[in-house]
Every structure is written in C-alpha cells, then in structure tokens.
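Quick heads-up: it's one chain on its own, the form predicted alone, in structure tokens.
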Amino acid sequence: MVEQIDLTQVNWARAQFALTALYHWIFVPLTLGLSFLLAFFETIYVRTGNEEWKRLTKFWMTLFAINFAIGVATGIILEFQFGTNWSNYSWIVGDIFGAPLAIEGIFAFFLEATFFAMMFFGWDRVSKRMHLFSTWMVAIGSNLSALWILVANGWMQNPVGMAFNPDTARFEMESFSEVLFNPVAISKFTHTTSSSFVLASLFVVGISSWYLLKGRHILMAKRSIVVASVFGFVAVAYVGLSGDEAAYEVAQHQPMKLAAMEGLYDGEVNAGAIALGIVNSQKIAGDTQEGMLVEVKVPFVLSLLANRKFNSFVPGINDLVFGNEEYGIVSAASRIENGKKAIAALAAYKEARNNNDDTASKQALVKLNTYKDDIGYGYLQSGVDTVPPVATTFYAFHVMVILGTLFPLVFLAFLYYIYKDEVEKKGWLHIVGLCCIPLAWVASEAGWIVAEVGRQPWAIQDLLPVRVSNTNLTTGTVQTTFFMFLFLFTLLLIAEIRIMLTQIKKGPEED
C-alpha cells in the first residue's frame, strides 16, 4: 500500500497547504490583536467623551477592516483544501476534526461578522454604548474563532477523546470535552492569541512611529503608542508563560518535535537549552557526526522546561528512533512493526466480516486492539522517517524565541520615553518601531513553522502520516492549483499593502 503512494503529489499538496496557511497567517494575528486594541481605544472614547479618541479609533478600524476582509478570503480557501487535497484525512478523522471547525463557522464567525457590520458602519446609526458593545463582540468573536480552529489543530498534535472504529476504518469522537479541554489545544490557544496581541501592538507602535518621524498626527501617535505598548508588554509577558506551558506539552506528547527544536540527538540528564547554534545539516540519526556545528547552551534549562525537574532525562532523536531501554523508550522500528501488524489485522477483520466468519473476525479484532496505538507507524518505511526536518524546526524556534525576547524591551523603551515626554525626539526609537513591524510577522510565522514542520511526518500525531492523508489527484492538478493560489495570494497581499499604505499616508480623517 505504501509503495503505491505518489510522494511527488503528496509533497506538492503539502506545499500548497503550507503556502495557503502561511499567507492566511499574515492576516489572522493582526485581526486577533487589533480587534482588542480597537475595543480599548473606543472604551476610552466612550468614558472620556474626547472626540480625538473617536478619530483615532476610526483610523485603526479602517486598517482592521482591510485586513479582516482579505483574511476571510484566504481562510475559506484553506478550509476547502481539506476536502480537495486531503480527502483521506477528512474521511478518517472528519467526525472529530470537523466538529470544532463547524462550531467556528456557525457560532464564532457568525458572531464576529454580524457585529463587524455594526461596528464599521454604525457610528452615527446606533448609540455610543451599543457601538462599543459591537466592537467588543467583534474582538471576542475573532478570538473565539481562533479558539475553535486551535482546538482542531491541538487535537492533531495530541489526539484525545476518540476511538478507532474498525468497521468504518475511521476515528470517531467519544468525548467532546476531552477534545475541547485538550491541554495541547489550551496551550496553543493562549500562546497563539497572546503572540497575536504582541504583533498587533507592534503594528500600531510601528505606524505611530512613522507619524512621529514625519511630525504628523503627534497626539494620535503618542496615545496609540501608550495603549499599544501597555497591551503589548502585558501580552508578551503572557507569551513567555504560555510558551513555557506549550514547551512542556510538546515534551510530554511530541518528544521528537522537542528534540528537533533543540537539535538534540542524544538524550541527556540535566539537559541544557541551546541559546544560539548552527545545525549540522548533514547529520542523520544514528551516524557518528555531531548534531550541532556551533552551540551556546544554557545549562539545565531544557530539562526544567521539558519535565519541570532539573535532573530529568530529555530524550534525543536517536533515543526516539532506536529506543532506549534504560528510560523505557520503544524504538520506532518496533512501533513500525506493530503498526504493520495492526494494518494486517484490520484487513483480516474486514475480510472475515465480509465472509461472515465471526471467529476469525474476533481473533483479528483482538490483534488489532493490541497494536492499534501504533497503526500510523505501519505506513512508514524506517525509523528515520519519524524525524522531522531538524534544521528548519531548530532555526524557526530560535528565531521566534530571540525576537520574542526583543519585543518587551521595545515596549518598555517606548513607555519610558513617553513617560519622560521625550519620545518625539528619539528618532532611533521610531526606526526600531518601524523595523519591528516585519519582525513581528517573522516571529509569528516562525512559530507556526515550528508547530507544523516539527510534527512531520504526522497529519495526526502517531496515528496518521501525511503521506496517506491525501486525495488521489494527479501531480499536475495539484501543481496547477499551487501556482494559481500563489498568484492569487500574492496579488491579495500586494493589494492589501498598497491599500494600507495609502490609508496610512492619508492618516485619520479630520472631523
């Protein structure tokens, strides 16, 4: 069965999904964070009655609306790809994965879209308090949408609350509450939304810095910087806390991803975390080469992050591929063998059922239940197939961490000079603020690369490899749609940037 898989087609389907996801994620974090900043700005306006705050809110709301519209367009295409390119995935886990996505569309997105119209067009048509309520509902609805999508994604990283049905060869939901309160989903939601708040805050600070450099809209820029810097600093503190929890959950449920994030090939007690390093791209699991060409380590930190204990053992890539009896780690080769037994037992069960042979079907079912936890490994060829792209995962993780360490310093610098009433004179700081706009997106996209590239080769961790999740389309068909989407998304991105820049140059409208 594995030999019949067209890996070229699979890789093009993966590339298309990655392209769509990365483009979509350009728009989503700004929507999540800017929606709450709009709510803060308008709340200040309603409480103070100061029309300058209303003018400020309407300006940022225009930028929000541009981004929101294009984000919706890319998101719809992303969800459709589950049916077009990944129909096997949709068939096998659709009962579970589809539920949170359906809730997101029916409830959260509906809430968000309904109040968006009132928020954007209702300034002179509804009362101040009703308009403020609609703005808060857009913020809450946007983040509820993120919740349900991240619940679905969290389940892919740590599948819980389900059972395998041998009669249909599908995974079916047994406990919705387990899926919803999956610890991986919770950590992903808190970390993703808080990092989006940081991105939006840097966006506001950066554009406000441009106005200060130009000597325009000084009061609006300074007020925007104050609110965004406070919000961003609080958010970035929570990014650190949620990131610590996310790393712990990765260690518990996806140890191979953690090993790739740290370039760790041989497990260690009192393992240190790499602050800076260069990965040996020629290194293969099991050979004698060094995994890192250069590394600067912080002692003991990785053990603490992974297990909440300094003297704990953190498995490396070699331990997970070849096994480690001392720490009870089963080799990937053993799991592959068990997986093939599970696949054979499933085939035997189906044949026995078709032949109405109850005795044989019961025997096959017993064998299937014995090995079903490793059924996904049966589609892999060797233990090395369980290793994700180490260099990509390592560099993306460390870029994200380094930038995440820089951002709170930027917020503090702006708040300090605002407090000293010297921010207008600090041209260097305004340039830093501008530079942080693209850096915020780099950090955000890097986080998603870690999450998705780091769990390869799995579509569903340990249960369903990507290579058997795809649709039986021709390679040429997927290639054609890949370049169509590349052209379309690039066009949308250019259009958004041009519209945004035009609006920013124009600035807030005078009453």
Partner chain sequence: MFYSVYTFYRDGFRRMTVGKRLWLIIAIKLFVMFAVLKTFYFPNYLNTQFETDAERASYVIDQITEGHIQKN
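Residue numbers count along the first chain shown, from 1. In this text, all values refer to a predicted model and were calculated from it rather than measured experimentally.
In what follows, reference is made to the form predicted together with the partner chain, a form of this protein that is not presented.
- Although the partner is absent here, residue 77 lies within 4.5 Å of the partner chain in the predicted bound form, judged by heavy atoms.
- Shown alone here, residue 166 lies within 4.5 Å of the partner chain in the predicted bound form, counting heavy atoms only.
- At least one heavy atom of residue 70 is located within 4.5 Å of the partner chain in the predicted bound form.
- Contact annotation: residue 48 falls outside 4.5 Å of the partner chain in the predicted bound form, judged by heavy atom distances.
- Here the marked residues 19, 300 and 455 all miss the partner chain in the predicted bound form; none has a heavy atom within 4.5 angstroms.
- Only one segment in the set 357-365, 188-196, 324-332, 84-92 has residues whose heavy atoms sit within 4.5 Å of the partner chain in the predicted bound form; it is 84-92.
- The partner is absent here, but in the predicted bound form a heavy atom of 381, alone among 281, 175, 405, 381, sits within 4.5 Å of the partner chain.
- Residue in contact with the partner chain in the predicted bound form (any heavy atom within 4.5 Å), chosen from 66, 486, 26, 44: 66.
- In the predicted bound form, 340, 343, 344, 346, 347, 350 are the residues of 321-354 with at least one heavy atom within 4.5 Å of the partner chain, listed from first to last.
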